[in-house]
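As structure tokens, one chain now follows by itself in the form predicted alone.
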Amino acid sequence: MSTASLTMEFPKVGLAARKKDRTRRQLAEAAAELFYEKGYTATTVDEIVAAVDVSPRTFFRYFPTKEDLVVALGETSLDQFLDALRNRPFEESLQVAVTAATAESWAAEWVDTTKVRSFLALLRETPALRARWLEEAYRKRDLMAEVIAARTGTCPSDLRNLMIAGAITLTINTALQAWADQDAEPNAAPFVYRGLEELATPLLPD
């Protein structure tokens, strides 16, 4: 995606698409509340759909498994980071663009950090979710490699692009877990900044 001064006209989102997005979001939000109150394992699909007043069939139309729903809960921040990185000026170095994209997507404080930490603990402590989250991390890595390739005029499958994208993705996830393990800092952004700073320095000194 070029960031040249062109006016891009995006197609309008229709009523049906907006309704689908709203239902998907409502299911994810209802599940988040139930997971927080009862735990992931104890929460059933029937309880989730009852909270939104839709059928189980509707649920599975949006989320083939309960694990997919948890991934949807956690994907927003990284998606915002990718969008911000796509829109950085092409003349910026990758390091500058990544830092700026981090500032744009991680600067805001979460309203309820207790629930965010609970969600991250859920990912870490539930084997099925860890596996699904790892699968999602690979998908995000590939998407990030496409963004990097577009900036550098290279191929997304180039080993260097995949390594850089994988390192950034892992750094962000690791920084978030480190943030979740402490109570002093309400904002995860400083942890993400520090992680990316460390990534920009030699990790294997001579």
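Take the two forms, superpose them, and find the largest set of C-alpha atoms that agree within 1.5 Å; that set is the rigid core. Residue numbers run from 1 along the displayed sequence. These figures come from a predicted structure and were not determined experimentally.
Omitted from view is the form predicted in complex with the DNA, to which the following refers.
- For the three marked residues, 96, 102 and 113, no heavy atom of any sits within 4.5 Å of the DNA in the model of the complex.
- Contact check for residue 44: a heavy atom falls within 4.5 Å of the DNA in the model of the complex.
- Using a 4.5 Å cutoff between non-hydrogen atoms, residue 64 counts as a contact of the DNA in the model of the complex.
- Contact check for residue 60: a non-hydrogen atom falls within 4.5 Å of the DNA in the model of the complex.
- Although the partner is absent from this view, residue 23 contacts the DNA in the model of the complex, with a non-hydrogen atom inside 4.5 angstroms.
- Stretch 51-59 is the answer when you ask which of 177-185, 143-151, 158-166, 51-59 has residues with heavy atoms within 4.5 Å of the DNA in the model of the complex.
- Superposed on the core, the two forms differ at residue 21: its CA moves 2 Å or more between the shown form and the other one.
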